[in-house]
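Single chain ahead, by itself, as structure tokens, in the form predicted alone.
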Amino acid sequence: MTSAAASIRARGWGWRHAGRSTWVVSGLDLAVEPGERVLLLGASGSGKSTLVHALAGVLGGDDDGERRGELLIDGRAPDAARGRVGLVLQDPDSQVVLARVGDDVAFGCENLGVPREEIWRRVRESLDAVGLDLPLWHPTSELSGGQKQRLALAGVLAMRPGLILLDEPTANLDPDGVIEVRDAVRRVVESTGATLVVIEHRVSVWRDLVDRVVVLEAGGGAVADGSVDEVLRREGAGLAASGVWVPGFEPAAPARATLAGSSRLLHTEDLSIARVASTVLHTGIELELASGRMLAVTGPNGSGKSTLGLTIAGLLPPAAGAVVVEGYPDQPVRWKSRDLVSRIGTVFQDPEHQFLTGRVSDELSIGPKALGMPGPEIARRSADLAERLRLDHLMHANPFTLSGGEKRRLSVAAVLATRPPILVLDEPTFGQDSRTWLELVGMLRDLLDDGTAALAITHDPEFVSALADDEFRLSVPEVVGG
């Protein structure tokens, strides 16, 4: 299964998005030798994903932005080396292409023109390598998040790349899924010898697998480069201050205020939830949201947490039972969109699913405008949220060009702009460095202290510890997908 490992060379390389005055990465000098395993660190927005996407040849053309300097894989431009590079992204669902496991793994090989007999030999070898012991006909719709990431890794491995790129591949996974994917990556790089570059905010997940750390600085290049122990010993405090989750430097969230009184704002009555009408995931759900309190919904990938959140938020109909909001006769699913905006704010698991405009400033003003707020108040709220969540320098940027962490903060800010009394938050802290995590937690803490009720779907134990008053844990239903 071995394939020749690839090398990386960057000389004065930089990139900035079209229409922006600042460079995401600038003056990057970097040499990665064949077979090296590199952990790429840096604060949110420091250009890690930009670099990885450039190496994968999917960053975009001249219409999308401006580049300078040189970036090479095995001495060739990334566009000319796509068959040598495999990329795994952070969202498990976004990488599933076909309906069956075997077909999905074969997809990349088919695009490379690999002979049919060789494709299916590679498919079976790759599934074995990542530990995904499933029939080739198994439906991809029935995989958990961790299984989907291993499926994506198998698809990359089947193409026999010399360079494997991982962009926060465990960001959306439960703790067991994180271990599954990391161990699968370990097996792959040990069996193939491929060069590995992985982006991750949390050092502890990957420190025993990589042999080198490179730290990027926003708007610049590499500011630290060396062995894991050397970089952490020399730069640990500075990395932690810049937002990297360094063992021993974890952020301490401020304590919650003691709320004098709390009133119930929402509750469920014998609620059943379903992704589609014919597939009931859970029945008999009884929960409540109260002012100034957060309910954390936890559980493994595939347990129906997002489905529950969307049902509570009025975006999916209950399969049975009811979602009751105090003071309103109708369930949220029957409300008009204008009423939902002002009563229940929803942050989707995928930030891009809620973006509607081409500018950050416009995204922040959509909700307030829909409610008929005066212009000066809209401007004040937008500016305040942007400053608090480190988005103020991006007000004219296209939301779809932001980093993953910036997209998440924008999606939260856009919901908070209308100040709804109830929040439904689906993975609100994914993709955040420790600094922006702390700022986001601080803002949500203030909202809770002011009486907001929140339901938060999360895999983040630190977030639960910092903010949750109660926990509602779901298990994977016996039948998923039909």
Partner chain sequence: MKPVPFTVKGTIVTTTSISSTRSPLRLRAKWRVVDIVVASVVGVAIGLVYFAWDQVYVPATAPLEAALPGLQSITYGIWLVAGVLGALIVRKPGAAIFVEVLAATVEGLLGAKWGLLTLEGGFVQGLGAELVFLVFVYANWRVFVAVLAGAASGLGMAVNDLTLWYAGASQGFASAYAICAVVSGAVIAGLGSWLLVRALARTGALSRFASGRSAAAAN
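What you see is a predicted model; the values in this text were computed from it and never measured. Positions refer to the first chain, counted from 1.
Omitted from view is the form predicted together with the partner chain, to which the following refers.
226 to 234, 192 to 200, 294 to 302, 119 to 127: which one contacts the partner chain in the model of the complex at 4.5 Å, heavy atom to heavy atom?
-> Residues of 119 to 127 come within 4.5 Å of the partner.
In the model of the complex, the residue from 322, 77, 257, 241 that sits within 4.5 Å of the partner chain by heavy atoms | Spelling it out, the residue with a heavy atom inside the cut-off is 77.
Which listed residue (435, 445, 67, 419) meets the criterion of a heavy atom within 4.5 Å of the partner chain in the model of the complex?
-> Of 435, 445, 67, 419, the residue with a heavy atom within 4.5 Å of the partner chain in the model of the complex is 67.
Is the partner chain close enough to 4, 11 and 398 in the model of the complex that each of the three has a heavy atom within 4.5 Å of it?
-> All three within 4.5 Å in the model of the complex.
Report yes if any heavy atom of residue 31 sits within 4.5 Å of a heavy atom of the partner chain in the model of the complex; otherwise report no.
-> Flag for residue 31 set to no.
State yes or no: in the model of the complex, is some non-hydrogen atom of residue 222 no more than 4.5 angstroms from a non-hydrogen atom of the partner chain?
-> Residue 222 lies outside the contact set for the partner chain.
Does residue 19 reach the partner chain in the model of the complex, with heavy atoms at most 4.5 Å apart?
-> Residue 19: contacts the partner chain in the model of the complex.
Please run the contact check for residue 456 against the partner chain in the model of the complex: heavy atoms, 4.5 angstroms, yes or no?
-> No.
Would you give me the residues of 53 to 67 that have any heavy atom within 4.5 Å of the partner chain in the model of the complex, in order from first to last?
-> Going through 53 to 67 in order - heavy atoms within 4.5 Å of the partner chain in the model of the complex - the hits are 58, 59, 60, 62, 63, 64, 66, 67.
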